[in-house]
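There is one chain below, alone, in structure tokens, taken in the form predicted alone.
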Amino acid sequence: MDKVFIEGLEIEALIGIYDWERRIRQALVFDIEMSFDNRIPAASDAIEDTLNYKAVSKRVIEFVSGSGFGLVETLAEKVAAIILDEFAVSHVRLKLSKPGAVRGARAVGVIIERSAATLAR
């Protein structure tokens, strides 16, 4: 299956479980791979036939910017569900990084893979 990807999407969000984290916005970085059959848009050369990565990015930015979850795990699940539900992709792989969360590490976070057929509702 073909993949459409968004790499290094940086979004400021309220995230974390500690009191000090609940008072500031922190940068999160998303790498997203979405399964999508690219043969139709390749043949038509028409934007309306594509998985519009700009539209996906805007939706993820809108959701994440307005969120306030404690755990990156929760946020990752919600974002994956939005992509699967709203953009009709069959599979998504999402890496959510929280830079600077652990001293000495560039980033920490989660990587999840979800499919439309097995998404827990």
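Since the model is a prediction, treat every value here as computed from it, not as a measurement. From 1 onward, residues are counted along the sequence shown.
There is another form of the same protein, the form predicted in complex with a small molecule; it is not shown, and what comes next is about it.
Enquirer: Out of 71-79, 37-45, 52-60, 84-92, where are the residues with a heavy atom within 4.5 Å of the small molecule in the model of the complex?
Expert: Stretch 71-79 is the one.
Enquirer: Answer yes if any heavy atom of Ala101 is within 4.5 Å of a heavy atom of the small molecule in the model of the complex; otherwise answer no.
Expert: Within the cut-off, so yes.
Enquirer: Does the 4.5 Å heavy atom contact test between Ile24 and the small molecule in the model of the complex come out positive?
Expert: So Ile24 does not count as contacting the small molecule.
Enquirer: Might Ile111 be said to contact the small molecule in the model of the complex, defining contact as any heavy atom within 4.5 Å?
Expert: Taking the distances in the model of the complex, the answer for Ile111 is no, it never comes within 4.5 Å of the small molecule.
Enquirer: Looking in the model of the complex, any heavy atom of Ala105 within 4.5 Å of the small molecule?
Expert: No, Ala105 sits far enough from the small molecule in the model of the complex that none of its heavy atoms falls within 4.5 Å.
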